[in-house]
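Just one chain is shown here, as structure tokens, and it is the form predicted alone.
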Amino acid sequence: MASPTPPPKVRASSVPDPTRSGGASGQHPGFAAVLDPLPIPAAVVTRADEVPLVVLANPAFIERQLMPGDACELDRKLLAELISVASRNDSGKARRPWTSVDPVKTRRYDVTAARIELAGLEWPHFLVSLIDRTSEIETHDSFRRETMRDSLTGLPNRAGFEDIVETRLAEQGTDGRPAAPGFAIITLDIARFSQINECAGGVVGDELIITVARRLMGRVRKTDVIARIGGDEFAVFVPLRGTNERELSRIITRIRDIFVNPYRLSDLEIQIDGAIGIALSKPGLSDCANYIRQSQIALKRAKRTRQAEIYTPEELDKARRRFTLETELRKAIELDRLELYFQPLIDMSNGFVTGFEALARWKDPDYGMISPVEFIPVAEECGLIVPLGRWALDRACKVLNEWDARAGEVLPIKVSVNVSAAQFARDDIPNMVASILRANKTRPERLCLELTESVVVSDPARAAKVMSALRALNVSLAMDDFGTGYSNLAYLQQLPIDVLKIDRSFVTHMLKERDKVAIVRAILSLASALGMETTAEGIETLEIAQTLAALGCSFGQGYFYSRPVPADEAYDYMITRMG
């Protein structure tokens, strides 16, 4: 409806008042006084036959083309609702958000209706005002988009991923759409990313993340959602038709394909791998964050098994157990509740004790004796392996001093301490060893550090540098579990290794399996050619001990001689076997 020119004395435009005869001349004189001071769009509105009508409007209201009848008219249904609610409210007010349908620029308003209390009004009238929130909302939306997106890859981050997935699931089953199908949340972790980042630099690390993201985007379907949810961790939302295992297998294969070809980064060509964890949806459960946690639990297992793993409820119990162990292990280290046990190393030529392997043992007040097979992986995963490894080395040196004091002389024995691959990668091993030896006044030649082949495989250059620094301290080095990993003659020649430890898997049943005898003989010949000594683990019978001695093995350990025992028992055993 067109608006006539406002009366000369008021800065407002008027329309006929349906409550009085005579059009604008019948307006209440107080309306202009209400509208005049307002810099925002405002109008006096009443209702006739349930239809909201504008009685008087200020210029800002008209300039915004909000008058009924214009292209961007204020929604009559909204006005009717506001007036109805304001009429019922004790406060006489009502507020609703409203988005204009302006074809040039969509604008967003807070629309408020407040009942006008003026003497002489025969009908209820309301002041309708509009506060333009467009800039504020656009800024908020822009900020929200930024906070929901990963700046490096342009993919959604974890919060954005959860928002998109939950929105996608909420839309299913509405507006006539079919109910939500099954889906999977897949998490992907880049193997050795931290080492690549440290060795090649942050720029190469970022380039690797971007390249992985691009390859991943090229392998998924349009219906899938990809996100970067952590430093080197990605997540994929995959809708599934029911529980089609073949479909899921094809998707996993496509994702694995991103690691088939090497990655060319700056001047480097790197072959990488990744671990994949999967969480499958359950009917009635759509909490994306929970599915991400489940897939991450499966991902941890995938890192150990090196194959894609699907979450099972039992994994949650295991994860809770690991979390409990982490908490209790932290306390045990801080409160010195751990203990070192010692398993003797026997000279195969004469049967005397030449040293001991120090092994951490943990007896918790509530959970009892906890196997190192269980708590060592937990320590490696959460970073406690560094303080645990340092404690073991320091305690081993202290026990040597205690034994020397009891014997009244410096005993001719060594102690071997394990250094896990995780501690080797995270700790400053040479300085740590030198510091502990110095603090305990322990001669370096009485210490042997046992390393695994994975230490060398993960970063050969760094391993060589660290091992050379340890050798310079005059500390002995043993390669533990030799033959079970990626045995490589090249690094055996190049690295300062003193002892090869033959894994128990080759020793325990060697007399029953000729192949194992051949392997043991080959390892002994190799060690002899390289000028190294050998230690056979897992000796459980006299026959095996005699066979190994005949083959030329240097040292042996196993239950045939003694199980790992506390320090006092180890001392007594040593005295009886030293002749």
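Note that residue numbering begins at 1 and tracks the sequence as displayed. Not measured: the values here are computed from a predicted model.
Although not depicted, the form predicted in complex with a small molecule is the subject of the following passage.
Residue contact check for residue 164: none of its heavy atoms lie within 4.5 Å of the small molecule in the predicted complex. Shown alone here, residue 130 lies farther than 4.5 Å from the small molecule in the predicted complex, counting heavy atoms only.
When the small molecule is considered in the predicted complex, residue 504 lines it closely, a heavy atom lying within 4.5 Å. The small molecule in the predicted complex comes within 4.5 Å of no heavy atom belonging to residue 412. Note on the partner interface in the predicted complex: the residue among 35, 55, 548, 539 having a heavy atom within 4.5 angstroms of the small molecule is 539. Shown without its partner, this chain lists 372, 262, 496, 201 as candidates; in the predicted complex, only 372 has a non-hydrogen atom within 4.5 angstroms of the small molecule. Contact check at 4.5 Å (heavy atoms) against the small molecule in the predicted complex: none of 27, 30 and 112 pass. Look at 461-469, 426-434, 209-217, 380-388: in the predicted complex, residues with non-hydrogen atoms within 4.5 angstroms of the small molecule sit in 380-388.
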